[in-house]
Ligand code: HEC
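As structure tokens, one chain now follows by itself in the form predicted on its own.
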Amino acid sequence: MLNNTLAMLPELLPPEASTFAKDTDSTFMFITWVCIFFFVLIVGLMTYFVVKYKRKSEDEVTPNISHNLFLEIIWSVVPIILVLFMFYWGYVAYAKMMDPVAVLGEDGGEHIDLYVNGKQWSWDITYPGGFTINSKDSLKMKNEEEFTWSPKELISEGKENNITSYMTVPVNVPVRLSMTSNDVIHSFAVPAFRIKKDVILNRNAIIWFKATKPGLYIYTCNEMCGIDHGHMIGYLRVVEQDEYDKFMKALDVPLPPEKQWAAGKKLYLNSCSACHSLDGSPRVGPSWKGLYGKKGHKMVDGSTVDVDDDYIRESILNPNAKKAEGFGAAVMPIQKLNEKQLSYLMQFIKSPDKDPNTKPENK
């Protein structure tokens, strides 16, 4: 009955697309109908009593009725039973969703582990092997409607980034998310999967799901986290296993040299631009303008370093090992980049003003 009612009112909730959705929706609809029932009952009885027992004359006196023990027991015990039942029904599903071990009981323990990092204002999704997808890329692709799901076509057209712009998971395979935050509190949520979990700096949060319907779904931040909170959304694709295998292979496709600088720039815009400028102005961290190749770059401890490949690499992978003079109070979060992404970003840092692979115009 509840599912039939939900089907008649599709605007109330997104489509059910995970194993948790049915239990969550059933609990929601049960609570909703209980509230509607008691609202109609109480307001209806109140209206009836107002009309029936309306004072009819100036000298009419209300009878002195102290209480009715039977009614008092009924309206105390029945709500308690209903509330406890609601709690139990919701808690059973919630506890399983939040249990990091429960995923091992699904499909004989076969599952996928992904790492989610929230930051102002995007999500990083890191796959086994270290490849990281940023939610801004999927939002851009979806808005521009550039996405096609054919690896060969994308690579032949030089659009190999498109296939790796969306967070992608296989249908009917449990996925466990290990999540944290780079800065303020965020909350990772996939409405169609009925999952939501707060992520906090220096704490690890676990949640999991098993998608049941292939399709494109939105994931969001459900915790007000700053001025661009409303843009902290991305798109998640649920695909069949063979398409997921193609996606994982696409993660290993290296970019041609002429596209690597642009990939580094995209990494900068997604992950670094809030703290490092390109015009020489200081932000939370030092500007990248003229940084690479600088000799005698001063540190807070009085030492100096030459800004070469080794220093840049260390600053990305272990950012607080050496702090530049004037930025000692800044705490830069560790960037989870694989070797290819690290290489792309370093190429951009070396020449942030212009792509060195750009061919000069013929005059």
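Just so it is clear, the structure is predicted and the values come from calculations on it, not from any experiment. Definition used throughout: the rigid core is the maximal C-alpha set that superposes within 1.5 Å between two forms. Counting begins at 1, following the sequence as shown.
Keep in mind the form predicted in complex with this ligand is missing from the figure; the text below concerns it.
- Stretch 272-280 is the contacting one of 272-280, 165-173, 94-102, 111-119, since its residues have non-hydrogen atoms within 4.5 Å of this ligand in the model of the complex.
- Note on the partner interface in the model of the complex: the residue among 209, 217, 288, 188 having a heavy atom within 4.5 angstroms of this ligand is 288.
- With the partner removed from view, the residue among 224, 284, 82, 74 that has a non-hydrogen atom within 4.5 Å of this ligand in the model of the complex turns out to be 284.
- Although this ligand is omitted here, in the model of the complex none of 38, 44 and 78 has a heavy atom within 4.5 Å of it.
- Of the heavy atoms in residue 50, none are within 4.5 Å of this ligand in the model of the complex.
- Mapping the unseen interface onto this chain, residue 29 falls outside it, with no heavy atom inside 4.5 Å of this ligand in the model of the complex.
- None of the heavy atoms of residue 34 is located within 4.5 Å of this ligand in the model of the complex.
- Although the partner is absent here, residue 349 sits close enough that one of its heavy atoms falls within 4.5 Å of this ligand in the model of the complex.
- In the model of the complex, not one residue of 201-230 has a heavy atom within 4.5 Å of this ligand.
- When two forms of a protein are overlaid on their rigid core, residues whose CA moves 2 Å or more are considered shifted, and residue 345 is one of them between this form and the one not shown.
- Comparing the forms between this form and the one not shown, the C-alpha position of residue 277 differs by 2 angstroms or more, with the core used for superposition.
- Positional change of residue 185 between this form and the one not shown stays under 2 Å at the C-alpha, relative to the superposed core.
- Contraction of the residue 177-residue 264 CA spacing by 3 Å or more is recorded in the model of the complex, set against this form.
- In the model of the complex, the Cα atoms of residue 182 and residue 263 sit 3 Å or more nearer to each other than they do here.
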